[in-house]
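Take a look at this single chain in structure tokens; it is the form predicted alone.
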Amino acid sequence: MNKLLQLKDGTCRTALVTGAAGGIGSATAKALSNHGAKVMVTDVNEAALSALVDEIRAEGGEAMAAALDVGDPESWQQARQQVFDSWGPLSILVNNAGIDVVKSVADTSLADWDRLFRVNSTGMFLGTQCFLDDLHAAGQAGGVRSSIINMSSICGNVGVAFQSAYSATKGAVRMFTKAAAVEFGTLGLQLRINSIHPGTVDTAFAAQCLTELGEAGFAPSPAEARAAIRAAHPIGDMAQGDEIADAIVFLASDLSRFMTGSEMMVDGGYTAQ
């Protein structure tokens, strides 16, 4: 096992991943564990979490699960208490949970807009706020700055048709991360905060979005929408979950120790065009 996320004294750093039942979230939880972290996996899909914990433990890792509604402050506090009571203060927070709505501006309802912001942006804010003191304490105690990684998207940097509400939430993630990084540095907090911006990742989440894009008129069929999205990435394909997870491990580790307020593009060249 690579010890990238262990301290010099052999202590395992502790991590929490939201949206861990999904493709990127589960890949991230496994990657963090493989690199030496204890991992709490959270989601509203408890059955999927149980299977993920079993998989991590079968590989020799240490993991536990908690149901978490990222838009509910009390749910965050319960998760925080469980982590603290079991492992002490958290040192790695991955705000990954996210949902999408693929609709035109005209067809996007206020309920759609509010639901996306609650999960994609408010959830990130609540998680950061909930664990802020613990992350600082862990950074002080371990001599390695704690790390927050916020899941944005290429949609946080460039406009994408039929995803105006989603793009707005991911732009909010991007700018919150930058402002918080400046603030945390000003306050001398022992933590870093960065955003990660994947291109399209080949997951069930993406498959549903591609189906909806086809239905919305982006392409004549889901298959043609998929082909168009693959071609839009200069690298020639969509990403796999583990490719995003590896970048998250880098941001969580001390290899990225001089990075804060950064936006890491892991997009197969999409935004280079």
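Heads up: residue numbers just count along the shown sequence, starting at 1. Note that the coordinates shown come from a computational prediction; the quantities given were computed from them, not determined experimentally.
A second form of this protein, the form predicted together with a small molecule, is not displayed here; the remarks below concern that form.
Is residue 68 close to the small molecule in the model of the complex, meaning a heavy atom pair under 4.5 Å apart or at it?
-> Contact check for residue 68: yes, within 4.5 Å of the small molecule in the model of the complex.
Evaluate residue 101 for contact with the small molecule in the model of the complex, applying a 4.5 angstroms cut-off between non-hydrogen atoms, and reply yes or no.
-> No, no contact at 4.5 Å.
Give a yes/no on whether residue 151 approaches the small molecule to within 4.5 Å in the model of the complex, heavy atoms considered.
-> Although the small molecule is absent here, residue 151 would touch it in the model of the complex, with heavy atoms inside 4.5 Å.
Considering only heavy atoms, tell me if residue 206 and the small molecule come within 4.5 Å of each other in the model of the complex.
-> Although the small molecule is absent here, residue 206 would touch it in the model of the complex, with heavy atoms inside 4.5 Å.
Would you kindly say which of 144, 119, 189, 180 lies with a heavy atom within 4.5 Å of the small molecule in the model of the complex?
-> It is 119.
Single option in 265, 21, 249, 12 placed near the small molecule in the model of the complex, where near means a heavy atom within 4.5 Å | For this set of options, the contacting one is 21.
Counting only heavy atoms and a 4.5 Å cut-off, does the small molecule in the model of the complex sit next to every one of 92, 130 and 184?
-> So, no: the whole triplet misses the small molecule.
Hey, of 102 to 110, 136 to 144, 166 to 174, 80 to 88, which bit sits against the small molecule in the model of the complex at 4.5 Å between non-hydrogen atoms?
-> Partner-contacting stretch among the options: 166 to 174.
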